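What follows is one chain in structure tokens, specifically the form predicted on its own.
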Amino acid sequence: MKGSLDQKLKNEIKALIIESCELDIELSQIDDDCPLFSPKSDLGLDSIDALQISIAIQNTYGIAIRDSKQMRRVVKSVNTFADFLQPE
């Protein structure tokens, strides 16, 4: 199943973002399609948060994203993140 269709995986990603960035919000406050790093985002994430998310991805899923352009594409939204982790 494609990651963006897997609600359990998307909730895991949201929990990873909340924990690694030390956000004081609920899973339901992160929209699946909302840009995570953007002035339009309510999360207020920055480059330090991106680094923390990258480390959490590596620790949780064993995947290292070393290219900053790829990282920006992967963490564009929860859905893009999920599709990266689970493409099929």
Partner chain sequence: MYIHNYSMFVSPPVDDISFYKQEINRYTNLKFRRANKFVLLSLAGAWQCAHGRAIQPDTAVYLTTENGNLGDTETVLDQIYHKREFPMPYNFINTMSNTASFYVAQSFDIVGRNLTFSSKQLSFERGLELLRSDMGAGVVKDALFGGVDEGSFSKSQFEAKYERSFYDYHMIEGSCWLLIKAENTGALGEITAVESFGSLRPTMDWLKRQRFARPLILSFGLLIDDGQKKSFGKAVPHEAQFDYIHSCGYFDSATACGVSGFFDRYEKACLVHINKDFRGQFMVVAVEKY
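Positions refer to the first chain, counted from 1. In this text, all values refer to a predicted model and were calculated from it rather than measured experimentally.
Beyond what is shown, the protein has a form predicted in complex with its partner chain; the following relates to that form.
Engineer: Heavy atom within 4.5 Å of its partner chain in the predicted bound form: which of I55, L27, I63, C34 fits that? Just give me the one.
Structural biologist: Filtering the options by heavy-atom distance leaves I55.
Engineer: Even though its partner chain is not shown here, does D46 get within 4.5 Å of it in the predicted bound form, heavy atoms only?
Structural biologist: So D46 counts as contacting its partner chain.
Engineer: Is D67 close to its partner chain in the predicted bound form, meaning a heavy atom pair under 4.5 Å apart or at it?
Structural biologist: Although its partner chain is absent here, D67 would stay clear of it in the predicted bound form, with no heavy atoms inside 4.5 Å.
Engineer: Test of understanding: in the predicted bound form, would A15 fall inside 4.5 Å of its partner chain by heavy atoms?
Structural biologist: Because no heavy atom of A15 falls inside 4.5 Å of its partner chain in the predicted bound form, the answer is no.
Engineer: According to a 4.5 angstroms non-hydrogen atom cut-off, is V75 in contact with its partner chain in the predicted bound form?
Structural biologist: No, no contact at 4.5 Å.
Engineer: From first to last in sequence, which residues of 3 to 41 have any non-hydrogen atom within 4.5 angstroms of its partner chain in the predicted bound form?
Structural biologist: S20, C21, E22, L23 sit within 4.5 Å of the partner.
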